[in-house]
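Quick heads-up: it's one chain on its own, the form predicted alone, in structure tokens.
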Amino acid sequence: MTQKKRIRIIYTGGTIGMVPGENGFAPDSGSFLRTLQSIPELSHPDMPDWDLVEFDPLLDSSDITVREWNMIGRAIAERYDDYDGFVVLHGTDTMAYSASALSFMLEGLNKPVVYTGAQIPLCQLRSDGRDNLITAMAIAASGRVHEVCLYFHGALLRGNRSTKLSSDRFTAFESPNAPHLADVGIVIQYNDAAILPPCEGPLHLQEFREIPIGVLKIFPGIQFDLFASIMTERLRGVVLETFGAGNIPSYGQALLPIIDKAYHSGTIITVCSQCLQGTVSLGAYAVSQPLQEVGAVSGRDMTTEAAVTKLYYLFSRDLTTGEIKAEMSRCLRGEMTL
């Protein structure tokens, strides 16, 4: 008789387990396990064995920080050998950030870690959480993926390629620059060519440190001098969300002295695009060439979520500035197309 797979469910909070209260929907400590135990499908013979670890306090995902990323990482690493896979239940607002963070944090990962959640709480009649949870557990037990991924409404995405598209549709996430790892209908159709190969060696958890990192979105008419005061030597990394393929307005080259000063202070400038699809190509247009000249790094087709969390990861490894710039240009966990 085949031994049943074991899955650990890590409940951090978020819409999936919220209940109505005086001030609207909010997480409720202690009630979620009873909710799960009341779902008949989770006791079906074909389902894996599972248990639940619940964060205290439960959080709306808007309140997730580096501290909670480390907590999720520890919850996996400390019991890594005891389970065949892990499902992380998380609020949708910052799920793509957390999935990206864990993809870098869990070095040598060789088991499924599947993020999911819901747009409507499980306690509500039309909740999408039931299917998301059941399918995420099936994927986590399948052994077909060996990376951090995100499952939502029929699509399995690489975690560090995902981004939230909608606040009110069930199709809440997409990976604009990478294929789905699986599409789910009557059967789960895995895209084996897109799935990362298994890692060799033991799992290592690289916890993140609290590093000063910023995101600056370029917009028409931006007054760059207003941002000069924050581009100091204390700011270790900046993700610059530019137009198109890495373009910035010239405005008398007002931004370049600020970036040049930050660069010489050791700040890593990573250039991403505001476009959901496509890649940054510094130097392709004259208005992006100066960024290359002052030492900015192309984020290529990384999401902002991946670029931010990759910076946290690399700075937490105590690498030199040159090493971090080199690693930002390399694909470490399938987060960019080279």
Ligand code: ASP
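All of these numbers come straight from a predicted model, not from anything done at the bench. Start at 1 and count along the sequence shown; that's the residue number.
Not pictured, yet referred to below: the form predicted together with aspartic acid (ASP).
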For the interface check, one of 185-193, 143-151, 228-236, 84-92 should have non-hydrogen atoms within 4.5 Å of aspartic acid (ASP) in the predicted bound form; which one? 84-92
Report yes if any heavy atom of Q119 sits within 4.5 Å of a heavy atom of aspartic acid (ASP) in the predicted bound form; otherwise report no. yes
Using the partner position in the predicted bound form, report whether D60 sits within 4.5 Å of aspartic acid (ASP), counting heavy atoms only. yes
Report yes if any heavy atom of M18 sits within 4.5 Å of a heavy atom of aspartic acid (ASP) in the predicted bound form; otherwise report no. yes
